[in-house]
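So this first bit is one chain, no partners, the form predicted on its own, shown in structure tokens.
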């Protein structure tokens, strides 16, 4: 176990969310050994993986990445970005790499880039499925070859091993495709001999930037220091502090089990974890333990096209309408179905804000006390034209639907926008959300590119 401390700067929760320059430079002044950032998530849903687009803004990704590259290379420390481009498939990695190359040219930077692809060949995935090496995540259906073939992009959430391989090849800037969030921060210190449990737990907290501080922010920096027996967390803005409660609470974030966090090739055990405040807004964490598991599994993520969407947004503050909203929507749905007579395929979903739009049927508050409600009418159909038609007919039917006790005949809905109907475009759904056994955790394609004063060396 190394005696020296290992310091890590996490600029922001997701590359492109931004951070105060003052916070970032305060972290740089602490002379970190690594600057790392997570750049993606499945949280925004399947659209971004399926479409190959980023959910973050290009200008701000470039802004954040410029700070990281310029200051990291000045310090002579590695810069790591995982889940590049948001979802980490080939188009996302290429998008982020294009931004990096622009910065390199503009700043005339010299470095060795390791670009690691996370895409999984569909034939290989189907072969693994046939021999029982793929199993579903909780609540996911059994995987089929048809679902694999229908996926627009298929990626595996790599662990730290491919990053270590890039470090060992001399890369001081790493762009990885879909990556286990803590691995961006934990791979290098683990390779240097630091305790894997502490390193992964530290990475679990740092991957969200200053969200784990109090008050939390996804658009601010956090700093972590690994020692031989613990790690220390601190915020880099005078407006924030880490506390025992904030650090412990974030340890529970995105976890179904408070004591166990599964990841690629292992499980992080937190049963004996302790959190101690050191003063000056710092918290020391001890007792995290990592256990390797066999076989080594990675999470597969895939998304397929599911149709086209159109929406209309409206509101109402008629107390009679609000009181009868469930039966009104049921009757409107039935009337539209009768008029369509199955000539326009698709589905209508009503999201009633002010009633149960967030939690749906699991909403515990059954009595509606709202004096006004918002209604999002969503139409999903196989073609854009079918979605537009279904939405238009449903919107006009609801607008003029007559219900018992109705007084005004001018219309039931208030529309904030004209035109009221909005074509949203392609709809995607997750088609693969499963675990796959792999033989070599570091066997992800690595491309190494040397930059000299901003130009790629041949």
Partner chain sequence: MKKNIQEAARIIRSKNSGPYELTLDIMFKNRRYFDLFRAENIINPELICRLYRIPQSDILGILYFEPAQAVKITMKRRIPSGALGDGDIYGAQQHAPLLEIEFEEN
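Residue numbers count along the first chain shown, from 1. Take the two forms, superpose them, and find the largest set of C-alpha atoms that agree within 1.5 Å; that set is the rigid core. If you're wondering where the values come from, they're calculated on a predicted model, not measured in any experiment.
The form predicted together with its partner chain exists for this protein as well; it is not shown, and the discussion that follows is about that form.
Can you work out which of 130, 317, 74, 366 has a heavy atom no more than 4.5 Å from its partner chain in the model of the complex?
Among 130, 317, 74, 366, a heavy atom within 4.5 Å of its partner chain in the model of the complex occurs only for 366.
Since exactly one of 347, 292, 338, 343 fits, which has a heavy atom within 4.5 Å of its partner chain in the model of the complex?
It is 347.
Decide if the three candidate residues 141, 351 and 430 all line its partner chain in the model of the complex, where lining means a heavy atom within 4.5 Å.
Yes: 141, 351 and 430 each sit within 4.5 Å of its partner chain in the model of the complex.
Using a 4.5 Å heavy atom cut-off, state whether residue 378 contacts its partner chain in the model of the complex.
Yes, residue 378 lies within 4.5 Å of its partner chain in the model of the complex.
Residue 248: touches its partner chain in the model of the complex, heavy atom cutoff 4.5 angstroms
It does: once its partner chain is placed as it appears in the model of the complex, residue 248 has a heavy atom within 4.5 Å of it.
Residue-level contact is defined here as any heavy atom of the residue lying within 4.5 Å of its partner chain in the model of the complex; does residue 45 satisfy this criterion?
Yes.
Does its partner chain get within 4.5 angstroms of any non-hydrogen atom of residue 229 in the model of the complex?
No, residue 229 sits far enough from its partner chain in the model of the complex that none of its heavy atoms falls within 4.5 Å.
Counting only heavy atoms and a 4.5 Å cutoff, which of 253 to 261, 164 to 172, 384 to 392, 120 to 128 contacts its partner chain in the model of the complex?
Residues of 253 to 261 come within 4.5 Å of the partner.
What residues in 351 to 370 sit within 4.5 Å of its partner chain in the model of the complex, counting heavy atoms only?
Residues within 4.5 Å: 351, 357, 358, 359, 360, 361, 362, 363, 364, 366.
Large Cα move at residue 271 between the shown form and the other one, threshold 2 Å, rigid core
No: residue 271 shifts by under 2 Å between the shown form and the other one.
Taking the rigid core as the reference frame, tell me whether residue 356 has a CA displacement of 2 angstroms or more between the shown form and the other one.
Yes, because once the rigid core is superposed, the C-alpha of residue 356 moves 2 Å or more between the shown form and the other one.
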